[in-house]
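What follows are structure tokens for two forms of the same protein chain, given separately as structure 1 and structure 2.
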Structure 1
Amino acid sequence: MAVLWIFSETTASTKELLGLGRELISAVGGSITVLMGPDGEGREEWAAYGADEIILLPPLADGLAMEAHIPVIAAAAAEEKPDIILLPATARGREMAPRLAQRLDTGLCSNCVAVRWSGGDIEMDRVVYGGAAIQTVKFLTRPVMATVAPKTFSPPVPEEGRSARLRELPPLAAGTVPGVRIVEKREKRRLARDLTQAKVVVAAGRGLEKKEDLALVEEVASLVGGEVGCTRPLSEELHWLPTELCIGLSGVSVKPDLYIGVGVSGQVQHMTGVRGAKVIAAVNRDENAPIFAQADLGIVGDLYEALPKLITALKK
């Protein structure tokens, strides 16, 4: 029997964590608790998705960020001793989880990509050395804590007719108020489409000479019904494309049917984000570029020669 807690700020990641949670709990029995902000928005759904209990956190004063929930969650966890606590590996989760783990004096597996039971212990996999290796860990302390890589686990199939207990946590009697205050919040421009859901991704790399040449990559992408992504130098150094389109360790992971890297060398930090692609293709003029060792198909040649021909061939 195990008691599993989930804290997440978005509906999508709560569903993914419930998917993982149900998989874990169904193997050993136990219950799942979802902790959420005081408005309880969307909580009706959680029972169907596998929550047995919903805990509403006390309201936060104006200007306080989500992290201000840490003292209350830590105190409740210290008192109730859940076996497992999961958070999403979003920016917020990656800040809150280690802070909670420190308060609970326990171990944390960051950005876990696979989970399994092994003889009564939980084992988790995570990506290390810039994507070159996978580390498997087990936990020597309780609670077991992890942040879970987004889009790694599927939401469970909802089951109608399930219900969840509801309870509220009171504010801490002698809580210290954190000093961090939000003074401004800006929504980032939402991209029209989601790279992580695309069936085909065409990634532009440093092999492009100038920003205007992205038009070639965009044309290939539109002909195959795909989206354009890029390597980090294009988004972070040249600022030709928004950060959201950077694929890899410090960007997003994609799982398309087809990935085509154009003028991409194939460094591990980028390739770790495309490993899930069914077919990996490359266009690169250097036949010794590392990407060819990690691709299924590759055109060895200048992209300025290859892409126009590719566009013609695709139009046929």
Structure 2
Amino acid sequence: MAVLWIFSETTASTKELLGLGRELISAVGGSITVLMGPDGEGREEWAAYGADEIILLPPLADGLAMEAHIPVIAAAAAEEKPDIILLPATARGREMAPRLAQRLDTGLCSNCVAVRWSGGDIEMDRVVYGGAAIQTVKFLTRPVMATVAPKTFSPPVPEEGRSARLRELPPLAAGTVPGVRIVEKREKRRLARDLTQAKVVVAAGRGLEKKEDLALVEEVASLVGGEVGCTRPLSEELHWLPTELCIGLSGVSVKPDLYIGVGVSGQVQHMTGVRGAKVIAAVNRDENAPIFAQADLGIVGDLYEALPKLITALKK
């Protein structure tokens, strides 16, 4: 029997971690606990998705960020000794997880892409060397802690009628309030849609000769009901597209049903971001382009000849 805790600040990542949690608990038995904000909003939904217990974190004073909950979570974990603690590999998760692990004197496996039982122990895989290799890690300490890459696991199928125990953690103890306070919040202006939610992604690579040629990629994406993404040179160096559309190690990770790389060579830094795609298709005139080693479907040819033909076929 195992006790698994989940902490996440977003609905999407909580559902994904519950999907992983249910896989792990179903193998050995046990329970899943979700730690969430003090308002408890949506707790019925978490029960349906697999939570057996919900712990409400104490309210925070004005000016305190979610990181102020670390001492409270650490104190509860030290007393109750969960076997596994999972957080998402988001900006906040990457900030909180190592600080929590340090307080609990345990290890942390960051940016995991696979988690499984192995002979009674938890074994994890994570991407290393810029996506060039997969490292397997086995824990010798408890609790097992990991941050899990977004879009790695699918949410579980909700079960109506499930219920979860509810309790609250005590407020922050005197002297534990961090010395960092929020003085201002500004909404980040998005210049593009959220690629992580797209079912089809058509990515433009350095094989395009000029910015105006993006119209071909955009038309293909429109015809297949997809969104346009790109490799790092197009967003960071040429500035043809917003940085939110950059896919890869230094950009976003996507998990579409279909990914189409147009003029994309397939360097590991980019392909790391499409590792979860169900089907990968590619158009590249270089038959030795690395992307063909991972593609399910490929066209070896000039994209300026292939795309117009593809557009004509799609319109039919």
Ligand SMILES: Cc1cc2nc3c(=O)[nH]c(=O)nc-3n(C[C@H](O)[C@H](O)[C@H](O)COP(=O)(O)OP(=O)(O)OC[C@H]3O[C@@H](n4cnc5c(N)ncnc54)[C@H](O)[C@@H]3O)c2cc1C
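C-alpha atoms forming the largest set that superposes within 1.5 Å between two forms make up the rigid core. All residue numbers here follow the sequence of structure 1, with the first residue given the number 1. All of these numbers come straight from a predicted model, not from anything done at the bench.
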Between the pair I just shared, point out the form predicted in complex with this ligand.
1
C-alpha of A12 moved at least 2 Å between structures 1 and 2 on rigid core:
no
After superposition on the rigid core, does the Cα atom of D213 shift by at least 2 Å between structures 1 and 2?
yes
Is_shifted A65 between structures 1 and 2 (CA, 2 Å cut-off, rigid core):
no
Taking the rigid core as reference, the Cα of E305 travels between structures 1 and 2 a distance in Å of 8.9
After fitting the core, how far does the CA of V201 move between structures 1 and 2, in Å?
3.4
